[in-house]
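First, one chain by itself: the form predicted alone, in structure tokens.
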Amino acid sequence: MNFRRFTALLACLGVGIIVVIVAFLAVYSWPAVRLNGWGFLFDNSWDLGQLYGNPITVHGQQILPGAHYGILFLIVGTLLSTLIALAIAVPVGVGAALFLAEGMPPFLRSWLSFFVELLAAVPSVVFGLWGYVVVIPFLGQRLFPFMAKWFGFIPFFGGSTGSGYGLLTAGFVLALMIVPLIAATLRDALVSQPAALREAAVALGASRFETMRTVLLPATRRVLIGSSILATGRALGETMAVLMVSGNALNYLPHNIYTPISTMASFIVSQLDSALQDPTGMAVRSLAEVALVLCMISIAVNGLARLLLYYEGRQRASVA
């Protein structure tokens, strides 16, 4: 009984930490919430105002003259870069997991799996520096012009390609950072599947590819959904790597896949120093409101994942 209580306490600890963090952000950012209202989510303008001007009172709050806070461009940049990262990382991660679990000789599987998992341990600033030195010149000078020339007829793929900083670059770097989470987790699930499943599929005449597609992947669907949600959380909250390759766009929405962007996490880091110069403190509280919105998005994504897992479990139970 004591062990059960101890493990229950540990389980509740994580929930308590999340509640405390969200409560702190809500309380600290409440003056900004009252000032900005719903326009904070739908306005496309972030302006700290006249830093050396005399503060004025708006809706009962002290702010600098000309100050205005809107984060629509941050929400769009965050969601689009995460979607691009998932669109790249999920197929690559699934393919890598299948290859490591089913296509590799057992004596090589552990070594290659080790190197795949090692990618998850690389600090994000290293990915950012690699992206700045290698990825940006390659994409900006070679791949982006090629894509604009041959795929420009596709919406969001045409137009100016810029210098390499932008939405697709950020999504590509994020994808490389989250592939190990998907590949390693799914590989472990595939390896742990009973050998009888493979043998039964082969006995029915299925090829190795058909066995993976029709038997093993459906059996590990819940693991794939869970690992994808973990990867989504990593992509939503990534800061330094995105800050170094996204272009740090301010106050405009991306018009194509090559456009510079800003994400909420990277914007908080890039703007914190300037926000601290605001004597009213409203700029920092507005950044805390950005963090609160990011937390709400992460919670919503995880809640959606739980619903998917719930309905998937009910569907499998009804079939059984």
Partner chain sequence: MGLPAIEIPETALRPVSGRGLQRRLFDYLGWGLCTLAFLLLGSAMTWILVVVFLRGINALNFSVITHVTEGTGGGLLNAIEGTLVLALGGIMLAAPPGLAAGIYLAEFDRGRLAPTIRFLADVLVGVPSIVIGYFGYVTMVVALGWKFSVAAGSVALAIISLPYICRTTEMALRQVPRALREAAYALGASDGRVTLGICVPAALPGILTGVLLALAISVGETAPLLYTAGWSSYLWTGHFTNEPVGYLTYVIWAFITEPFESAHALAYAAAFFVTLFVLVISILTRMVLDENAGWRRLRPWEKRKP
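Residue numbers count along the first chain shown, from 1. If you superpose the two forms and keep the largest set of C-alpha atoms that fall within 1.5 Å, you have the rigid core. None of these values were measured; they are calculated from a predicted model.
Another form, the form predicted together with the partner chain, is not on view; read the next lines as being about it.
Where does the partner chain sit in the model of the complex: which of 148-156, 174-182, 73-81, 220-228, heavy atoms within 4.5 Å? The contacting stretch is 174-182.
Are all three of 92, 284 and 288 close to the partner chain in the model of the complex, meaning a heavy atom of each within 4.5 Å? Every residue of the spot touches the partner chain in the model of the complex.
Between 189, 216, 243, 143, only one gets a heavy atom within 4.5 angstroms of the partner chain in the model of the complex; which residue is that? Answer to the contact question: 243.
Which pick from 272, 56, 51, 41 sits with a heavy atom within 4.5 Å of the partner chain in the model of the complex? The option sitting close enough to the partner is 272.
Contact label in the model of the complex: residue 205 to the partner chain, heavy atom within 4.5 Å: Yes, residue 205 lies within 4.5 Å of the partner chain in the model of the complex.
Exercise: residue 162 in contact with the partner chain in the model of the complex, heavy atom 4.5 Å: Taking the distances in the model of the complex, the answer for residue 162 is no, it never comes within 4.5 Å of the partner chain.
Do residue 64 and the partner chain share at least one heavy atom pair within 4.5 Å in the model of the complex? Result no; residue 64 lies far from the partner chain in the model of the complex.
Using heavy atoms and a 4.5 Å limit, would one call residue 116 a contact residue for the partner chain in the model of the complex? Flag for residue 116 set to yes.
Can you tell me which residues in 274-305 come within 4.5 angstroms of the partner chain in the model of the complex, by heavy atoms? 276, 284, 287, 288, 291, 294, 295, 298, 299, 302, in sequence order.
Rigid core superposition, residue 295 Cα moves 2 angstroms or more between this form and the one not shown: Yes: residue 295 shifts by at least 2 Å between this form and the one not shown.
Classify the change in Cα distance between residue 14 and residue 232 in the model of the complex as closer or farther, relative to the shown form (magnitude of 3 Å or more). Between the C-alphas of residue 232 and residue 14, the gap widens in the model of the complex (3 Å or more compared with this form).
Note whether the distance between the C-alpha atoms of residue 188 and residue 305 decreases (closer) or increases (farther) in the model of the complex, against the displayed form; the change is 3 Å or more. Closer together, which means the C-alphas of residue 188 and residue 305 are at least 3 Å nearer in the model of the complex.
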